[in-house]
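Quick setup: one chain, the form predicted alone, written in structure tokens, and binding and motion questions come after.
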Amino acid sequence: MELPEADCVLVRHGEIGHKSEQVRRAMEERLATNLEAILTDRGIDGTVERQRTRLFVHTDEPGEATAAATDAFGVVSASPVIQVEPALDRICESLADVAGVCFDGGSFAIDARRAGPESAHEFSSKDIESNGGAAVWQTLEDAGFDPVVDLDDPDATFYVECRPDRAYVFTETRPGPGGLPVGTQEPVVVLLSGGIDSPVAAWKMLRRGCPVVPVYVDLGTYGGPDHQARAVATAEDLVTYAPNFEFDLRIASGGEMVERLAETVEETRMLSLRRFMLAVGEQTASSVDAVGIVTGEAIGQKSSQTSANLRVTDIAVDYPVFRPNLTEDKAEITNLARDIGTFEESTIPTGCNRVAPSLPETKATLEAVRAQEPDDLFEQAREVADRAEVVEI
């Protein structure tokens, strides 16, 4: 139900509230800063107020501000609200007004929460629900409805959150991504191919509070301009979730190494290529003070991603390799890509599948991989990383 008179957005977080007082306060401040950045990036006028366990966006664009808030990592949910005095009669009046505008038939319920010390109010949440319910009932009856109260499965629910200084009346709660605010963890390098998987992995790391440094390894003639274009496009999609963090895409020229691998390595070619890419990621991480490397891999999704082969590729680097998609089915990853807006760009046709051999190894040993790959694989990876072109996103 739309709330025409809304003048504020109530923003809730979840996991942050379980932290120590000092950590919670710092994370709430970071969340407020990130939310302000998203509002500014989207051209939405609003000021963010921080209270314990809640943030409030004061704005004349509550619908747009709510949509922005529910894209901010750390936000569990948000609601467009009407602000009223924290007095029982004023709350009941507001509930009746809202019901008169929003209700279109069926059953209803009042769901009230009261926060603060007992002394803050002369009434309880139960008082709000019973008195507010009576006020709504009378309004609906006067409007010609035959009101029905259903506390288990109502057609319409009118909500109240009453705090010591203000009360908030609302009709909906929109889910957010949850997680932690970006910037509360250390940065990581993401190997961003632009396919379906790696942008989702990047989004998941942002959701856990990690700023990301995207790195695209150009495959030369085996990739082409469309392959690179989709990496740039997905980076542009992802930066909208964290516009106050640098998101420049580093493009490392790996075409020469890909051609060498295609000419000299057969069954273990993709493993050596993955080892090369991880080494590029590690060199980049070292140069930007990142703490790990992120890939979009999931166990068994491709021949290079079997549990045995992942062990062989990880040995190539000393930095930890984070795989937030590790246990996800492809359908789950694809659905999330659709939800976060990276799917369309990720499916731009490219020719990168030509790199793979016809009979790839699925249970490689480190000895077999090392025996076939170029001796200067890691040296070349470091040089390629150091020469990477930086594209501003």
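It should be emphasised that the depicted structure is a prediction, and the values quoted were computed from it without experimental measurement. Numbering starts at 1 and runs along the sequence shown.
The next section is about a form of this same protein that is not shown, the form predicted in complex with a small molecule.
Looking at the small molecule in the predicted bound form, residues 191, 198 and 215 each place a heavy atom within 4.5 Å of it. The partner is not drawn, yet in the predicted bound form one stretch among 312-320, 114-122, 78-86, 217-225 has residues with heavy atoms inside 4.5 Å of the small molecule: 217-225. Proximity of residue 297 to the small molecule in the predicted bound form: non-hydrogen atoms within 4.5 Å are present. Contact check for residue 284: every heavy atom lies farther than 4.5 Å from the small molecule in the predicted bound form.
By the criterion of a heavy atom within 4.5 Å, residue 204 is excluded from the residues contacting the small molecule in the predicted bound form. The closest heavy atom approach of residue 302 to the small molecule in the predicted bound form falls within 4.5 Å. Residue in contact with the small molecule in the predicted bound form (any heavy atom within 4.5 Å), chosen from 160, 277, 136, 261: 277.
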